[in-house]
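Below, in structure tokens: the form predicted alone, a single chain.
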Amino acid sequence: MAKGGGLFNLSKFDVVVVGAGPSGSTAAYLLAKAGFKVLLLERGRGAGSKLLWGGKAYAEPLRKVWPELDKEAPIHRWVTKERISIVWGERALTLEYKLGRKVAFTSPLPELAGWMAKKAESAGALLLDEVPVDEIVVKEGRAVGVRSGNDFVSADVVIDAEGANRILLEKLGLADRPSPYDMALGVKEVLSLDPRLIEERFGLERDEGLSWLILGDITAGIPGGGFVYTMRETIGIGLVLNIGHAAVAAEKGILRDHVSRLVEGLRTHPYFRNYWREADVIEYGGRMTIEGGLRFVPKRLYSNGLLVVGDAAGMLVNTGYTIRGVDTAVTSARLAAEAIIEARDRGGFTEENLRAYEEKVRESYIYRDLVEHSGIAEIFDDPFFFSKVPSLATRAASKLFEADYGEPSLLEAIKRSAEEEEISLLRLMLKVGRVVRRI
């Protein structure tokens, strides 16, 4: 991995990729493999060094790029259990599903992205880290390269894989400044624990993993949620909070503590803490991310000499019960590489030829999922689902399972809980029905 000083000494490239995350490294790998002269630029120290996420990736879309994935990638555990919990106070209501096949795996994203970047380098791409790209240079309506400080590198095609903070696209006018309600803050702790204890406490066999999504008062009623992912020798726990709603909650005095205290609250919560007792906190981090959904997709994913992939392109699917980001980033990059290869064979990287990329995206499972689950944005706009619903659900469960005398029916437990929460049943049914239709 080379350092970024003296870019002006480099000759012209066929393709410059901005960002060595999953999407950027995928595009660089496929294009270098196809014979293009590729420069992959990363502003952090090492590919993936600035990345942070929960920890689960869906395997099959990645295998389409790297058939050797299962043998070579830094896979920590295959997810065999999916859990969703609703918590309020010390009460918790949990649903668990046992998977029947290998669908997704856990891996620290810096490790996974680093592996992808090395594959790109082995295919012939030149990776330079610690290079902040200040501008995608456009001349006469065409992207012709990138500028870093006083250095300029020319290219026939630029691929923007800059991630959620898409400053370069905003400068070009291809993306608006995002609403804080379309962005989230993810905060994570990494806990170190003996692998045998991880397996014993979560009920896992060797190499098996767990993915756990959490809804409730752990986010102080702010739209968002918590997560737990088991790695080989660590457990990743954390929270994701909608930035717009968090700001409003802070202004109203609802959110009084630093977000790190909320994560601490998850770590020390009576329902969860025994899973990782004796574990050491070895890492803490936070980053801005997108909520997922069509609202974040740019006006166009292409222009003359330019394609946009990964989070910068809004290629994250949030269904409410799972989040897909790595596989969608990799798939968007694969489609972009295909479009560039086809454009070369059709005579050039014109806007007309590169339009094929957006057409490929619209025909892919990513766009179908973005449309299918577009209503999730409305749900995240409504704090009702993150305050009243978790409280009501756990209250109703307490009436079913904590009755000293007489067992109420499910309907009676819900009715009594709704009355105590001062929620009309009609309003509740309308809102819950909307959720079912939308996700």
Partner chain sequence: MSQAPSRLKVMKLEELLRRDVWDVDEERHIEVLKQEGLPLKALQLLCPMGCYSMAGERLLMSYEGCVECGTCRVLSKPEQIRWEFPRSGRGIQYRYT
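Note that the coordinates shown come from a computational prediction; the quantities given were computed from them, not determined experimentally. Positions refer to the first chain, counted from 1.
Keep in mind that the form predicted in complex with the partner chain is missing from the display, and what follows is about it.
For the residues K98, K71, R273, R196, the 4.5 Å heavy atom test against the partner chain in the predicted bound form is passed only by R273.
This chain appears without its partner; in the predicted bound form, the one residue of L109, V317, A104, A143 with a heavy atom within 4.5 Å of the partner chain is L109. Judged against the partner chain in the predicted bound form with a 4.5 angstroms heavy atom cut-off, the residues W53, R177 and V259 are in contact without exception. Stretch-level contact analysis of 213-221, 125-133, 346-354, 324-332 against the partner chain in the predicted bound form, using heavy atoms and a 4.5 Å limit, identifies 125-133. Under a 4.5 angstroms non-hydrogen atom cutoff, the partner chain in the predicted bound form lacks S364 among its neighbouring residues. With a 4.5 Å cutoff on heavy atoms, I167 counts as touching the partner chain in the predicted bound form.
Contact between T268 and the partner chain in the predicted bound form is found at the 4.5 Å heavy atom cutoff. In the predicted bound form, none of the heavy atoms of S398 sits within 4.5 Å of a heavy atom of the partner chain.
Along 240-257, a non-hydrogen atom within 4.5 Å of the partner chain in the predicted bound form is carried by I243, A246, A247, A250, E251, L255, R256, D257, in order along the sequence.
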